[in-house]
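The chain below stands alone and is given in structure tokens; this is the form predicted alone.
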Amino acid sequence: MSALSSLVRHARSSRAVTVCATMLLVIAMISLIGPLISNHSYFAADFDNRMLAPTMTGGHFFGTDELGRDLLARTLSGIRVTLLVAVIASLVSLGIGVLYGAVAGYIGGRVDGFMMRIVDGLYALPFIFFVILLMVAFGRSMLLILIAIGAINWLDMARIVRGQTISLKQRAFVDAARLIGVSTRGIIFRHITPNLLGVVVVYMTLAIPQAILMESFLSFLGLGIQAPQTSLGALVSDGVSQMEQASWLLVIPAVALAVILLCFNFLGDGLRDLVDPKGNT
């Protein structure tokens, strides 16, 4: 856990990392607390108040859509769903990628070559074709979205972890563990993996925006989150069709999506600079 603790200590001294992390925390808290104090539901239609422009009076601060649904409530719901899908999918890819990459890197030889050729083969699969096959075979659901995104994102994680593991297994503490008879499994889980946490946390902050973009892209195409649930990608897709007569339906969710992506990217870049300052000059 020393690598992770060191990363946290250095992160606290970085203003950019602190600001981005604080902004993401505030956005997440607002998306969770907002619906509890709002008078509007994200799925309730009000046909008497359709296509209202944003206003500080009347209770619809972000306006309403073509069905009279409150855009503020829908944006908060979209942020929750988008962050939930992205974080869970990234955690899935984290679990698979770390285990796969650590095993391949530590064992090495033909096993490593075979495992990484599988990764190369999966890279060649077209992502959209893979998602369409899943949707046709099993129907549209949030679980399938998590599987589809996680099945793609873990490939990068596996390569990064493999490279770090190859370097770590040459260290003296790993040699000492071998000499005292620690099993291969024990070395991987008790000695290699804890020393990967710093790099893994950094990559997670960069993988989450990738997952957000994938989910948004799928929802924009109509393959992602389905009604009555919504996501930022789905809101952007709805806003595009109404952009000429109701531009706020596109601008507001698009700005929310851009702010979240920028915060995650700046956070990831800041943490990466802290972990490897010489590699980013």
Partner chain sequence: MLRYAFARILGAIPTLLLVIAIAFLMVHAAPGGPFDSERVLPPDIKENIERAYHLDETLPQQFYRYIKGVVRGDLGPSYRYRDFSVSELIAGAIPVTMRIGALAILLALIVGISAGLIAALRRNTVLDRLVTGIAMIGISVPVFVFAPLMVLVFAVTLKWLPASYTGSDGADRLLLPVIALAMPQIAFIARLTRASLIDVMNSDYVRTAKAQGLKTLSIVRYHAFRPAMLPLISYLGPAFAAVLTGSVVVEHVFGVPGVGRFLITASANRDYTLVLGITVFYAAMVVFLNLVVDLLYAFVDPRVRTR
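Each form is matched to the other, and the largest set of C-alpha atoms that superpose within 1.5 Å is called the rigid core. Every value quoted in this text rests on a predicted model; they were computed, and no experiment measured them. Residue numbers count along the first chain shown, from 1.
In what follows, reference is made to the form predicted together with its partner chain, a form of this protein that is not presented.
**Message:** How about I225 - does it come within 4.5 Å of its partner chain in the model of the complex, if we only consider non-hydrogen atoms?
**Reply:** Flag for I225 set to no.
**Contact label in the model of the complex: T64 to its partner chain, heavy atom within 4.5 Å** = No - in the model of the complex, heavy atoms of T64 and its partner chain never come within 4.5 Å of each other.
**Request:** Would you check, heavy atoms only and a 4.5 Å threshold, whether L52 touches its partner chain in the model of the complex?
**Result:** No - in the model of the complex, heavy atoms of L52 and its partner chain never come within 4.5 Å of each other.
**Prompt:** Going by a heavy atom distance of 4.5 Å, is R140 a contact of its partner chain in the model of the complex?
**Reply:** Yes, contact at 4.5 Å.
**Asked** Taking I147, I187 and P194 together, does each of them reach its partner chain in the model of the complex with some heavy atom inside 4.5 Å?
**Response** Contact check failed for every one of I147, I187 and P194.
**Partner-proximal stretch of 166-174, 109-117, 125-133, 75-83 relative to its partner chain in the model of the complex, 4.5 angstroms, heavy atom** = In the other structure, the partner sits against 125-133.
**Message:** Pick out the residues of 240-254 whose heavy atoms come within 4.5 Å of its partner chain in the model of the complex.
**Reply:** Read in sequence order, the residues that approach its partner chain (within 4.5 Å, in the model of the complex) are V240, M243, E244, S247, L250, V251, A254.
**Asked** Is there a C-alpha shift of 2 Å or more at L125 between this form and the one not shown once the rigid core is superposed?
**Response** True for L125: a C-alpha shift of 2 Å or more.
**Message:** So, superposing on the core, is the move of V136 at the CA at least 2 angstroms between this form and the one not shown?
**Reply:** Yes, shifts by 2 Å or more.
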